[in-house]
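To begin, one chain is listed below as structure tokens, in the form predicted on its own.
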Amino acid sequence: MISSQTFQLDEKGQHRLVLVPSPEALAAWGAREIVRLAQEAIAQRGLFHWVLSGGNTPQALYQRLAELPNESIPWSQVHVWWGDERNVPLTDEQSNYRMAWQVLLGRIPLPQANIHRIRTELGAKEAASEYAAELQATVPAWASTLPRLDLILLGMGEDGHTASLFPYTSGLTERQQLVIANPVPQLQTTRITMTLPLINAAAHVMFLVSGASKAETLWKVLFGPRMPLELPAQEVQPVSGTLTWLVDAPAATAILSELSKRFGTTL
């Protein structure tokens, strides 16, 4: 695979898979797409509500965005949110906020009032409740009965989790609340996370999947049997938005034969 290739995974053209040759290409393609979606949302509605992902994969993408000329995105019209957060102080090395601030947010002219962090110092349950209220008060519910975020970035773990919706955790069945404190017994902790109804109400959702360790799980999520409690990422299906899987070559090794069979393409 020399350049990026795009595959439409549904008949309506709302679900696509983009394969890129390397982690560097993933960061470059993702950054271009974020710029495009931000400019489009701001032109249409005057604001861009963007949800960041934690973990290692998005860091190179954030770095690229931080290095763009400031006029590439009208940052004063961007609001930044988090899809999930570890229940740690914001200065902790595990904090998703801390990573985003160091790599991106502290390097761009984004108004402080537009940075909506999860206040973990309140405790997980209260922080989740406050964040849900802030979302409802700030994000418009255009084309949806729920706050409709313009773009949600997600990662996928080797166990199929996304955001902090881990396999067999109670948060997977939550259908009323927008943000919850989700106990994760396998990690002996509680995480704060957006729920599936809120994620699936978004205008655009983009998974970033990098590395060979994700390859088998990616095949299961995309082409295996439906096992949403075991593979939470399968439950991300925007109701009236688009879903993009942005995948680098190492993470794609297990799905290449399936793509060749379905699309008649030599990869």
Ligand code: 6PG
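A residue's number is simply how far along the shown sequence it sits, counting from 1. What you are looking at is a predicted structure, and each value in this text was computed from that prediction instead of being measured.
The protein also exists as the form predicted in complex with this ligand; that form is not presented, and the subsequent description refers to it.
Trainee: Using a 4.5 Å heavy atom cut-off, which stretch among 171-179, 73-81, 150-158, 127-135 contacts this ligand in the model of the complex?
Mentor: Within 4.5 Å of the partner lies stretch 150-158.
Trainee: Within 4.5 Å, heavy atoms only, which of Pro238, Gly55, Gly224, Pro228 is in contact with this ligand in the model of the complex?
Mentor: Here the answer is residue option Gly55.
Trainee: Heavy atom to heavy atom, is Lys214 within 4.5 Å of this ligand in the model of the complex?
Mentor: Flag for Lys214 set to yes.
Trainee: Indicate whether Ile118 is a 4.5 Å heavy atom neighbour of this ligand in the model of the complex.
Mentor: Heavy-atom contact with this ligand at 4.5 Å: absent for Ile118.
Trainee: Output the sequence-ordered list of residues from 77-110 with at least one heavy atom within 4.5 Å of this ligand in the model of the complex.
Mentor: Residues within 4.5 Å: Asp84, Arg86, Asn96.
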